[in-house]
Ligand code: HEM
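Single chain ahead, by itself, as structure tokens, in the form predicted on its own.
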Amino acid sequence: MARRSTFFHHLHPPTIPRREVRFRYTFGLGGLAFFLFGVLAITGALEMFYYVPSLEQANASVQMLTFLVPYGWLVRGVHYWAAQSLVVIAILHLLRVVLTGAYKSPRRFNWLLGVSLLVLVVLLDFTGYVLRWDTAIEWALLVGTNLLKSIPLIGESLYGLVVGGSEVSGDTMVRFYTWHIFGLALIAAAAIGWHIFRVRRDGGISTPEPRPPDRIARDDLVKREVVAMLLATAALLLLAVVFRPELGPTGNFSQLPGEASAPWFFIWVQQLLRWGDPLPMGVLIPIGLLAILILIPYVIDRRSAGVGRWFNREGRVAQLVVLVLLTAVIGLTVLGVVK
């Protein structure tokens, strides 16, 4: 009797090249990123039942969710750690794509989608960080939004669009909540769907079609994915129980802390700001790094050879560029933490 395929089976092609599902080739990073985004969507939807996006009640509603709602602390903890993990996994996934030549033609457009998703993930994490509206977010919110003002010609307009007025106020809370849910999360969901579709349309993750074909059925892949999701769920639950996310008193922006503090994924930008003016250090350099990533398959390495091989010789320049950029960001982050 034939086994009936489920919806999850039909998300995959009938067969998959065996090499593409080997753990040592992909480390399951793409699938793990997709799973973490799903966890964020589910836990975020549960949090929406209690969260109140207003200046007076935002922090209090998070306090209530954490300390009064049954298992609310667990939902918030899983949401928090899924968000932090997603940033790390997205960066590692991008690095794996570079080191295996998966950005090369015909996958160049999907590389752009992947870079865009990384930006969306970081912005989602930042807006979610602000929504707890406690004293810890004050510096990050003021510095981050004030960077927009340093952009010539359009800075003031961008600032008003983001914060909802001429200064941080109650409208800022509503605006960030709207950005988080509708301006970022929904767009990221659509981009993820497009990204996965392009993987199938472009012929797989990055492996050229083997000859003779060495493929496995999607049933085997689904079994592996279920095991991976169970392990990831256990890890998230453990983190949520052992390392509960911090939550301070309501932020009022009347007296800022003496030491500037940014979320960990923006500490490198904070360190740059210590060395110079906001426009070059806080805006132009990050945009420049992003532009370099975007141009990798179009300028830095336009050859189609070397797809599907770790540290392929044809992509050495691109690999070196990305590793140097990543090392610089990590180095700046370490400097920012130790100071």
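No experiment lies behind these values; they were computed from the predicted model shown. When you see a residue number, it is the position in the sequence shown, counting from 1.
Just so you know, the form predicted together with this ligand exists too; it's not on screen, but the next bit is about it.
Colleague: Honest question, do 114, 118 and 205 all end up within 4.5 Å of this ligand in the predicted complex by heavy atom distance?
Modeller: Every listed residue reaches this ligand in the predicted complex, so yes.
Colleague: Hey, in the predicted complex, does residue 151 get a heavy atom within 4.5 angstroms of this ligand?
Modeller: Taking the distances in the predicted complex, the answer for residue 151 is no, it never comes within 4.5 Å of this ligand.
Colleague: Indicate whether residue 60 is a 4.5 Å heavy atom neighbour of this ligand in the predicted complex.
Modeller: Outside the cut-off, so no.
Colleague: Using a 4.5 angstroms cut-off on non-hydrogen atoms, would residue 163 count as touching this ligand in the predicted complex?
Modeller: Outside the cut-off, so no.
Colleague: Consider residue 96 of the chain shown here, and say whether it contacts this ligand in the predicted complex, taking contact as heavy atoms within 4.5 Å.
Modeller: Taking the distances in the predicted complex, the answer for residue 96 is yes, it comes within 4.5 Å of this ligand.
Colleague: Could you tell me which one of 192, 229, 142, 247 places a heavy atom within 4.5 Å of this ligand in the predicted complex?
Modeller: Checking each option against this ligand in the predicted complex, the one that comes within 4.5 Å is 192.
Colleague: Between 236, 83, 221, 199, only one gets a heavy atom within 4.5 angstroms of this ligand in the predicted complex; which residue is that?
Modeller: Going through each option in turn, the one that passes is 199.
Colleague: Looking at heavy atoms inside 4.5 Å, which stretch does this ligand contact in the predicted complex, given the options 100-108, 238-246, 71-79, 174-182?
Modeller: That would be stretch 100-108.
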